[in-house]
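What follows is a single chain, given as structure tokens, in the form predicted alone.
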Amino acid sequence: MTASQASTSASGQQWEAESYARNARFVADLAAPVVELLKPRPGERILDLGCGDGALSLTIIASGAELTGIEPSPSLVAAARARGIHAVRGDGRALPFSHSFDAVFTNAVLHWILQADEVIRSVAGVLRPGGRFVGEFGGHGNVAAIVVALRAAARRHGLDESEVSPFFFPTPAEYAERLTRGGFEVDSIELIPRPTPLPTSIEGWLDTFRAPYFLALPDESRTLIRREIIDLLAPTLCDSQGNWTADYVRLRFSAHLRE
């Protein structure tokens, strides 16, 4: 895949299959507990909201469930289809289905979509009565050190701080309230601290998850600001051997649509 095949999510974030696989494979690799919470069963129709390149979708398919993946990036949709997954392009705020799924599953997606209530409303519209909504995404305090460093560098250079962290990181209470308003009954919801080793260091993380921010900077200041951010983070997130660990905090939930 090439950079020209990148696509933009609701937050303005760009995704490209090759760099995502190289720098962010841990996102799917660490999601086994969320699949266990879903408890997919043979014959169920499950929608994987934000299926990415389909690496995690295969685990659900192995249960015997019938899975459809939906993803805004054409590059990632192509990668998922290459794995044999039925994947379509679409927006989580306006899912193109109607009351046809037994469950909606999502991993590491919802923190990218600021319009949380629109997503919940859209998910409710594709589920059958009693259908399950199960997932995990960034919760309150997720990548807090990284966000602070990004904001500090932006402030130092007179840039818009809101552009560096376009994330939705709610508390369990906040998201449970949104789910309840959206017609769901919450079965479980919790914050899970999960320090996460970064296989390609903080540079790979920034390249994958904050590329639009850096691309929007003037050429003459881009390298300087990037270096400042890395220097700010090193004392907290990098050990004496040069290994980087991100301060992830995940919000994991399970809910069902009220009948």
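Please read all numbers here as calculations on a predicted model, not as lab measurements. All residue numbers are counted from 1 along the displayed sequence.
Omitted here: the form predicted together with benzoic acid (BEZ). The next part is about that form.
Enquirer: Each of Phe97, Phe101 and Phe133 within 4.5 Å of benzoic acid (BEZ) in the predicted complex, by any heavy atom, yes or no?
Expert: No, because Phe97, Phe101 and Phe133 lack any heavy atom that approaches benzoic acid (BEZ) to within 4.5 Å in the predicted complex.
Enquirer: With benzoic acid (BEZ) left out of view, choose which of Gly90, Pro74, Gly183, Gly138 has a non-hydrogen atom within 4.5 angstroms of it in the predicted complex.
Expert: Looking at Gly90, Pro74, Gly183, Gly138 one by one, just Gly138 meets the 4.5 Å heavy-atom criterion.
Enquirer: Given the stretches 114-122, 150-158, 167-175, 183-191, which is the single one in contact with benzoic acid (BEZ) in the predicted complex, using a heavy atom cutoff of 4.5 Å?
Expert: Selected range: 167-175.
Enquirer: Determine whether any heavy atom of Thr106 comes within 4.5 Å of a heavy atom of benzoic acid (BEZ) in the predicted complex, and answer yes or no.
Expert: Although benzoic acid (BEZ) is absent here, Thr106 would stay clear of it in the predicted complex, with no heavy atoms inside 4.5 Å.
Enquirer: Does benzoic acid (BEZ) get within 4.5 angstroms of any non-hydrogen atom of Tyr213 in the predicted complex?
Expert: Answer no; every heavy atom of Tyr213 is more than 4.5 Å from benzoic acid (BEZ) in the predicted complex.
Enquirer: Pull the contact list for 225-259: residues with a heavy atom within 4.5 Å of benzoic acid (BEZ) in the predicted complex, in sequence order.
Expert: Residues within 4.5 Å: Tyr248, Arg250.
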